[in-house]
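The chain that follows stands alone, in the form predicted alone, written as structure tokens.
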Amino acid sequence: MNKAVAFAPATVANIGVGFDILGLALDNPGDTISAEFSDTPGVTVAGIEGDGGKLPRDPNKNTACVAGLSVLRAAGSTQGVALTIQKGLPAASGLGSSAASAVGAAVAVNALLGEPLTRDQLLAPSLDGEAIASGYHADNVAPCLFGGITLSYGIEAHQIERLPIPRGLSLALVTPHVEVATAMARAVLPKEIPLKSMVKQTGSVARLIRAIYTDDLESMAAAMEADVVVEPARAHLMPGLFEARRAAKAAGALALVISGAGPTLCAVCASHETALQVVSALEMVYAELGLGCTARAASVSEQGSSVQVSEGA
């Protein structure tokens, strides 16, 4: 084999109240990573498309290269690999862009080597890549790698639980054309949380998990919106948050929350048709605010990252 191409989906981290522990994979959009053998040792960047020149070409600072190199080391390989990264996800958008690059590279490099590592064993290399962008937490990496809705209560594979996907769940997403860096979004979070808030937040997480398992979309949506810790601290970074929530619900959405660190907003809907209506309503909100945006309907991807192409020698 001389080339492997992997697709890594966008993700919605936190799912409202589950800060750093919950996430889900989307069926669109995502990043595409190509891996080919190279005479240069380690993992290098052959090219990056779709990033507007923003991503680092230095392999030590690029999440895809760091993840790919971690796969080589775990597999005991000394071969050089060159990566071509096609970004379908904008940076600092709240769609798990850095995680997608890391996971896609890990999956592509592993495929290029003949898949010496299991999917579970790719978690650590993927986290190594993600860590240089936003630290060691699996809320984006886990759903991107494994697919579906995931609960991560640690950073090892046995600490990742895949949750059922409620029937009818469809999503409407809108990304205002502004950047919210993860570091900035984390910097505004409270350093201490009152006991009363902690109790309410953990209760909402418990309600959310129960709703997912009982196929109760309305209860799931209500629990997602019950964040009393993270959203209040970050709301001022999200242009149009409250206007978008009102418009989404008027169009039939059950809830609207911040996706990851934002500024992408994610609306929960009970059907694809409703999601399309909500997309139109969200586009109108940002048009009235004079702010460009990208809006789309999506569903939860059960597959996660996948190998699209493997070419023989």
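Bear in mind the structure is a predicted one, so any value in this text is a computation, not a measurement. When you see a residue number, it is the position in the sequence shown, counting from 1.
Only in words, not in the display: the form predicted in complex with another copy of the chain, which the text now covers.
S.K.: Could you work out which of E179, E115, E243, E161 is the residue within 4.5 angstroms of another copy of the chain in the model of the complex, going by heavy atoms?
M.R.: By the 4.5 Å heavy-atom cutoff, the listed residue in contact is E161.
S.K.: Within 4.5 Å of another copy of the chain in the model of the complex, heavy atoms considered, which of A235, A91, L189, A157?
M.R.: Among A235, A91, L189, A157, a heavy atom within 4.5 Å of another copy of the chain in the model of the complex occurs only for L189.
S.K.: Of these, 71 to 79, 100 to 108, 120 to 128, 207 to 215, which stretch puts a heavy atom within 4.5 angstroms of another copy of the chain in the model of the complex?
M.R.: Result of the contact check: 207 to 215.
S.K.: Please run the contact check for S134 against another copy of the chain in the model of the complex: heavy atoms, 4.5 angstroms, yes or no?
M.R.: Heavy-atom contact with another copy of the chain at 4.5 Å: absent for S134.
S.K.: Residue-level contact is defined here as any heavy atom of the residue lying within 4.5 Å of another copy of the chain in the model of the complex; does D20 satisfy this criterion?
M.R.: Heavy-atom contact with another copy of the chain at 4.5 Å: present for D20.
S.K.: Indicate whether G168 is a 4.5 Å heavy atom neighbour of another copy of the chain in the model of the complex.
M.R.: Contact check for G168: no, nothing within 4.5 Å of another copy of the chain in the model of the complex.
S.K.: Is there any non-hydrogen atom of I193 lying within 4.5 Å of another copy of the chain in the model of the complex?
M.R.: The answer is yes: I193 has a heavy atom within 4.5 Å of another copy of the chain.
S.K.: Can you tell me which residues in 41 to 73 come within 4.5 angstroms of another copy of the chain in the model of the complex, by heavy atoms?
M.R.: Heavy-atom contacts within 4.5 Å come from no residue here.
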